[in-house]
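A single chain comes next, written as structure tokens; it is the form predicted alone.
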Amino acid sequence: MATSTDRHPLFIPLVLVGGLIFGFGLGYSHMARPEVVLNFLQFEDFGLLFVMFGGAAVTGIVFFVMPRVLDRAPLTGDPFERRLKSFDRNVLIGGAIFGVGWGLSGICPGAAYASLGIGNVTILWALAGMFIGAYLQGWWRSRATDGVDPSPTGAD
């Protein structure tokens, strides 16, 4: 696996450009507005569903085609392969917490930054909650794994 020093010099700039395009797309499609997301969750507006299906379709095509065209990722040099992760209690609990946070705030992490970019300053409360939650999860996990090797598994 490539380390950060083995990566192509354009890796970070392209990641930043990709993030800007993603954020612009969220802002342009109004998916960075919490009221649009909340209307979707209340079954009043299904525009978000089309955005999700569009993203899933493009991702599915790329995941199917790229390993047949290239043997390695162009910027990282990593081989294309499936990364299987276990489906355990942590995934269920994390998904439930994410869902509750999404339902309460009407925003997910990626869209929160885009929402801030379109001038929604009150989204800082949701961003603060995300950072606090991530910190507490890291603290809890490090406390629970004292004496255990913290190196990532093969699936990470």
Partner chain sequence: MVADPVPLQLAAELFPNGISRYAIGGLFVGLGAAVIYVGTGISAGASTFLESTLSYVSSQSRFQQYVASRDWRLVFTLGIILGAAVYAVVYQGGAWTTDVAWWRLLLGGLFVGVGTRVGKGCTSGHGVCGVGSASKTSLAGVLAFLLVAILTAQVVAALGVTP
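Numbering follows the first chain given and starts at 1. Here the rigid core means the biggest group of C-alpha atoms that line up within 1.5 Å when the two forms are laid on top of each other. Fair warning: this is a prediction, and the values are worked out from it, not measured in the lab.
Omitted here: the form predicted in complex with its partner chain. The next part is about that form.
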### Task
Mark A96 yes when one of its heavy atoms lies within 4.5 Å of a heavy atom of its partner chain in the model of the complex, and no otherwise.
yes
### Query
Quick one: is G18 in contact with its partner chain in the model of the complex, heavy atoms, 4.5 Å cut-off?
yes
### Task
Give a yes or no for V91: in the model of the complex, does one of its heavy atoms lie within 4.5 Å of a heavy atom belonging to its partner chain?
yes
#### Entry: Proximity of D71 to its partner chain in the model of the complex, heavy atoms at 4.5 Å
no
### Query
Mind listing which residues of 27 to 63 have a heavy atom within 4.5 Å of its partner chain in the model of the complex?
G27, Y28, S29, H30, M31, A32, R33, P34, E35, V36, L38, F40, L41, Q42, F43, E44, D45, F46, G47, L48, F50, V51, M52, F53, G54, G55, A56, V58, T59, G60, V62, F63
### Task
With both forms fitted on the core, give yes or no for whether the Cα of R72 moves by 2 angstroms or more between this form and the one not shown.
no
